[in-house]
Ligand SMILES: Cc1ncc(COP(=O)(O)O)c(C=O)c1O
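Coming up is one lone chain in structure tokens, specifically the form predicted on its own.
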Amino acid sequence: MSLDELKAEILRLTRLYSQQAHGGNLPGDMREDDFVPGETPVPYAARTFTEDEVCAAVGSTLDFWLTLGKEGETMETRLAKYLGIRRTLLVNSGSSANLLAFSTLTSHKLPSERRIRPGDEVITCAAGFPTTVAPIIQNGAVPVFLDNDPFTANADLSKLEEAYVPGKTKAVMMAHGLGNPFDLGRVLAFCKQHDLWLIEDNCDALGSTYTLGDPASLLHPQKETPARPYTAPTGTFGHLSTQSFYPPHHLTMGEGGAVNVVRDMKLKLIVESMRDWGRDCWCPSGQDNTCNKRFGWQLGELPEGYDHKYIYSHLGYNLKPLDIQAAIGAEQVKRLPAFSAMRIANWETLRIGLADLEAYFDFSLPTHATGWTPEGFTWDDSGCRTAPSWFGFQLLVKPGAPFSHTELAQHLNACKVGTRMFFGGNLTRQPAFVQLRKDNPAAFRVVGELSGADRIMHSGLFLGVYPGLTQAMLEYMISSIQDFVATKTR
């Protein structure tokens, strides 16, 4: 048996094994209906895959290249094409992607007046995942916290101009909360007016889209004048954006993430340098002398002709994933349209099933939406629209309800229904930030009272909408909440 034949047989058996072993990880519409209410756990998120991803991982392992290579190039190309951007660069996590994207804007290779330096300020929002904010502090800059709108989970932009300090504010970095795009129309106009960088943390929103009523605020000129209105995926409006491929996210590599370079390829060289130890050389792993002058450089105070593969222009990191992970991700990218459709459908199922509980809960709305009916959303008059690929279904317990969000979470946990709070809640209340403020009162700045972020922290939780949920699971989630409310309101 030849090596090719042997590999084909291994992959045939791998496919058979996966079909028998991993049926519980199939998309919901492909799964056997073996759900037992109260016995089968309903996680808030989980890996969703088929035998294709397992075969891709095993095939890559058999090739045993290991470090980022041809599979990484395939995934990067597919994701960049899906988003419609210039370049995607894979990294080992979404948190690393945020660190890398922000660190890129500190590079000495950027214009001096735009380079982010220690003490410069970056506008963000208070409630969310900490690694959206941590890179700002880790690079010596100062996060400026806006409040959150509890209904969208995104930044309340009413004090956006108040947060701006001429000469100090250099960037905006914030996430699309739970897959719901933040108000890009307003943020883009603000960044363009003040010549600020914009980093979109798109880790929870891959597959979401945003429609600009007036595309004149776009930071990146298009080759052709965009149509009005202009619709594009989130993660394509800023200068840089980030993705996470941790299992709960819209696609998975196990661990993994990406930095998206939207249009400016000068940023790509810096991102790549920062990711790959800070080196000046851009040759892929296993390749040499793609610049045709490997021994023809003189940089810094090094001798002329010093090997370009060992010249370092930044204080960088090593943040690459494995090629095996990329092989899984390259298969997952193919599923993004179907996965997004399932997330939207699952969100709608939960919303319809809980519609009669509006006396006790405030439900999320897409940014720019003013209301919901089973027929769809109503919208404001901005001309902007959002189409979230939802990461979760948020419930906010109303003030005066005869129960707390903690009691609801405990009940659902007893029912084996997974829930999560809105990540770190109001981050300024977290122990790390409380200590940071004690150690250095100027380490971050708060604009306003953060009452919206506090409300999310005190009364919010979210349920899963991931594509592995079955109709029976969704119905059980709804009945578990309905039963809980009924017992509390008798």
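Residue positions are given as counts along the sequence shown, with the first one as 1. Predicted model, so just to flag it, every value in this text is computed and none were measured.
This next part talks about the form predicted in complex with this ligand, which is not shown.
- Though the partner is left out of this view, N98 does reach within 4.5 Å of this ligand in the predicted bound form, counting heavy atoms only.
- In the predicted bound form, this ligand lies within 4.5 Å of some heavy atom of Y246.
- At a distance threshold of 4.5 angstroms between non-hydrogen atoms, P366 is out of contact with this ligand in the predicted bound form.
- The closest heavy atom approach of F361 to this ligand in the predicted bound form falls outside 4.5 Å.
- Scanning S389, T104, T234, T132 against this ligand in the predicted bound form with a 4.5 Å heavy atom cut-off leaves one residue, T132.
- Screening M253, C203, I123, A126 for any heavy atom within 4.5 Å of this ligand in the predicted bound form leaves a single hit, C203.
- Only one of 238-246, 376-384, 318-326, 182-190 places residue heavy atoms within 4.5 angstroms of this ligand in the predicted bound form, namely 238-246.
- Contacts between stretch 407-438 and this ligand, counted in the predicted bound form as any heavy atom lying within 4.5 Å, involve F423 alone.
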